[in-house]
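Given as structure tokens, the chain that follows is alone and in the form predicted on its own.
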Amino acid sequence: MRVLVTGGSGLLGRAVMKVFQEKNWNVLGTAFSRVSQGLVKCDLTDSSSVEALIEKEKPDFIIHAAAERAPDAVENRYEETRKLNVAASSHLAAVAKRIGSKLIYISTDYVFDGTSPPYRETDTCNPLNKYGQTKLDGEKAVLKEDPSACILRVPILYGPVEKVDESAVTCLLPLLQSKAPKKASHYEKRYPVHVRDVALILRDLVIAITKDKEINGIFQWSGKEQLTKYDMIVAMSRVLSLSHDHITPDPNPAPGAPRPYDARMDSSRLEALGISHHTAFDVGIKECLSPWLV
């Protein structure tokens, strides 16, 4: 099995590469700003470079995990973001189809407005922010170029980080450690997922596709625990034995780009294929953050 992972240096990309390599598959990751061993430098917005790489490697599967994923950053760099999240995704799908690769595009729960959960794959999308819009447009562009491609929508992710602010979950640790009075959002309901679980789901989906070539379209995976940012901080406090007395729950919507109130996604289509992986948040977050305790 030959697999190409875009965004191989990222939080999710690293987990995907590790899980796929454990299957002894031939895995190659791309990166742009953080190129390290096992990764090749590739600007996904450079069409000729992308074509040359894919035609050389001829992967059976392409896991497209690269994206600008910070909502507030996208608000400020919208057109630049569209080049990566939409245009590059469209071109990648076209090249993949031409050479016979199966593309799996990683999307987000932010394609929904959070007013009518739980959301099925077929429910109407209505992004509240520009990040969600670029990912939805990316979905549409991919499926337009190659209707046999797959989309996997995932919620907020966490996992082993190279720096604590790499994840919107682990970045909460400094609030606990600082002891300075702070507020934390207790409004938006989230369903955090460990990147290892997503990687295992992708592995199982790839295996399922090798057995049934007709598998395509949109899939969703959501964490099993409903947590606000404040709830996550309380959990971190509990498992890491840190006080959260200086953190106050904020009942108001988070500042910055608008986020959906409750974008819980229905995962039954994956579960119908026998695909399901979930790490309890207490277990996963302790594992990820223990190395960062000072």
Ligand SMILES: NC(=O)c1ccc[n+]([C@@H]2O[C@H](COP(=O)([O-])OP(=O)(O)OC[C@H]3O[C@@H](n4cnc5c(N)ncnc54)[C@H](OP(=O)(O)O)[C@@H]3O)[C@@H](O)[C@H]2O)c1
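Counting begins at 1, following the sequence as shown. As the structure is a prediction and not an experimental result, all values here were calculated from the model.
Note that the form predicted together with the ligand isn't included here; everything after this is about it.
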property	result
Option from 95-103, 153-161, 205-213, 173-181 whose residues, in the predicted bound form, bring a heavy atom within 4.5 Å of the ligand	153-161
Site check E75, G114 and T228: each within 4.5 Å of the ligand in the predicted bound form by heavy atom	no
4.5 Å heavy atom contact, L44 to the ligand in the predicted bound form	yes
Contact flag, Q220 vs the ligand in the predicted bound form, heavy atom cut 4.5 Å	no
4.5 Å heavy atom contact, S9 and the ligand in the predicted bound form	yes
4.5 Å heavy atom contact, R34 and the ligand in the predicted bound form	yes
Residue (of A66, M236, I62, A263) lying close to the ligand in the predicted bound form, criterion heavy atoms within 4.5 Å	A66
Proximity to the ligand in the predicted bound form, single hit among D123, E188, D137, E166 (heavy atom within 4.5 Å)	E166
